[in-house]
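What follows is one chain in structure tokens, specifically the form predicted alone.
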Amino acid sequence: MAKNVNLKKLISNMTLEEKVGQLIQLNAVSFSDSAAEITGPVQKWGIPAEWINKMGSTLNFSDANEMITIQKKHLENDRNGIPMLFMMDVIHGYRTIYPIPLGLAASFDPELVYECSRMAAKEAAAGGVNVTFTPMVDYVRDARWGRVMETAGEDPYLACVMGATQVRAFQGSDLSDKENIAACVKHYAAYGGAEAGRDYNTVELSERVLREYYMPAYKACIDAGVKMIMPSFNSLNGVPSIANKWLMQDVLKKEWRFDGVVISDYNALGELKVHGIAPDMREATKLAFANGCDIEMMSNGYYEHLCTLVREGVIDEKKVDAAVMRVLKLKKELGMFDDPYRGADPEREKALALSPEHRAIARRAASESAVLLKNNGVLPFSKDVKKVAIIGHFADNNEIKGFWACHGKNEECVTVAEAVRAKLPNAEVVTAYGCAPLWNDKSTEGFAEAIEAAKNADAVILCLGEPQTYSGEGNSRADIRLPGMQEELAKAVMAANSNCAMLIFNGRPLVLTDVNECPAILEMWFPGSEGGNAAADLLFGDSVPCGKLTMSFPKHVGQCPIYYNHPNTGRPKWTAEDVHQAYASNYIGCGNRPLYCFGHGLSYTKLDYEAMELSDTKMSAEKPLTVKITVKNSGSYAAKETVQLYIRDLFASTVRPVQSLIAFEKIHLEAGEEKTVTFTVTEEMLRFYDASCKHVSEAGEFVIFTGYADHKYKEAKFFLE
């Protein structure tokens, strides 16, 4: 079929079973070469071979070769000649892995995010991927939840910017271009609001909070043209998302006018029974389809019941036709009727994977995502050191790619020790494991070797963190301190040698309170394929840290959920000190503020915020406000700085946050250089949802400041008329 294929005519020639087949997605293992090899749901559900040939999409295949094999076999057996869609979780890279999204967002650099996503799109397209299940733009406040690693953190504006950037990068300006793939935004809605930070848990939120914090990023991705959306597993205010009429019909379809493809999450229809919303798969099918779920992923509701529901008159076949049209339209936009294999090319897939160009992008991304939490003059280390001790589980460990790393491999990641040895060929580099980072491993067997190595070194690099499997889907933690005996190891090593820097590898904010006496702490996240090289660049001054935190690091897990843009109470704590204040909203023994807050991140150079100038003290819808912020690099290193702009609405009809990020810009400053960043503040940027859930701005006084979260460098006041 050519690109001018008539989709309406094609649908009119399809049987009901063929139409329903377009709405079913199974794992690639279901499309094996012979009936004898059929496994998993195909075998469990008793799906005959003729039904398999009708299926419209698959996921979780291995490479371009498998894609081509499955597609070829499918087309040989599909009388309509409709190609299958091939989907994959390309979350932070396909084969060349860059930092986890929480880390990449810490770069505060949309251009870098775009570049990384384009790299992933090219590799994935060559591997046969047509659709990626990204971006994940769930708004988060609780570091206990393992999937914070896939998000942009605790600020809704940042999530909007990063999510929309990824959509544009993956999809490009022409979806039929073989280097572009369709994006699927997830998880709609408020999956990140899981109670107690426990994955898949219930979410109870007011509509006002939903609209103001949790939903803007989904809408931003839709406005950016995202082709697909995935409802979340969780129940939202008592109704699972995929069966939630208000969410799926009233907001998504009617208010936001989303006309793309809706795909369920893995077995989400089956989980409607477990939730207690549907007594059986027939009812689950009816609920999900009625609320707009086009493609069912990895459950058997549509296969077993959708045709029957149509023939019984419960579901109008015209609605099935409309769902099929959305799926076929996406295939046509991707150019799959012209070339069912699209960009799938085994040779190109191999050539792009971990190419020098792609490794360079991943290395820069890992460097600019790293956040210097603390530095008492230790970093950067001199390259003239004679002996370096690298201590800890991640010292020479390549398990730093992170969860959801698609086809990335641990053995293809550069370790810290490998990178330091390459950077300092004349230095003696010793490694000591120290201890395992497992929560239930209390052994101190490796302590003596680690302490001895530290004593005899000119510089010590502590490489600590949590295992890759401690964050990501299904991996919530009640205790988010460094697991195992790592805190004890760190204290022993620091006592042996104070010329020590700590690298943290992790998928979430951790409680670092008990190791915060370390002279220097560099947050690396799970940095991906080039993580070791990026770490060495930063440690020895070839790169200057410029990342800023996208989530607050609590002092204690008991502070969770903790987030910078919280509303005031009627009895706020008026002092910043960590002392208990009677009859105020605060904790005994801990204080309210995090150890490290949103937007925090140090540099090796001295950055002075010299001035902030407002064009006026009054603004209106017709008259925006111009804000000019002057920053000078007074230090000796060239560096990048993210200039952040915050507001506080002092009086409004609903309680407003104590601060909200409204704009940012990342700039490069040579040593001694001064630059002025200009922001335009519009009335739209001051809007919020009132008690009636109307999106409004209200006249009154505002504070505007630059700095980060609670740390104000320069501030002023203005009035909205």
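Since we're looking at a predicted model, the values are computed, not measured. Residue indices: 1-based, along the sequence shown.
What comes next is about the form predicted together with a small molecule, which does not appear here.
Asker: Taking the shortest heavy atom distance, is residue 159 within 4.5 Å of the small molecule in the predicted complex?
Answerer: Outside the cut-off, so no.
Asker: So in the predicted complex, is the small molecule close enough to residue 473 to count as touching (4.5 Å, heavy atoms)?
Answerer: Residue 473: contacts the small molecule in the predicted complex.
Asker: Is there any non-hydrogen atom of residue 341 lying within 4.5 Å of the small molecule in the predicted complex?
Answerer: Result no; residue 341 lies far from the small molecule in the predicted complex.
Asker: Does the 4.5 Å heavy atom contact test between residue 187 and the small molecule in the predicted complex come out positive?
Answerer: Heavy-atom contact with the small molecule at 4.5 Å: present for residue 187.
Asker: Mind telling me which stretch in 646-654, 365-373, 458-466, 265-273 gets its heavy atoms within 4.5 Å of the small molecule in the predicted complex?
Answerer: Answer to the contact question: 265-273.
Asker: Which residue, 70, 52, 681, 59, has a heavy atom that falls within 4.5 Å of the small molecule in the predicted complex?
Answerer: Checked against the cut-off, the match is 59.
Asker: Here the chain is shown alone; which of 604, 540, 258, 233 has a heavy atom within 4.5 Å of the small molecule in the predicted complex?
Answerer: After the contact test, the surviving option is 233.
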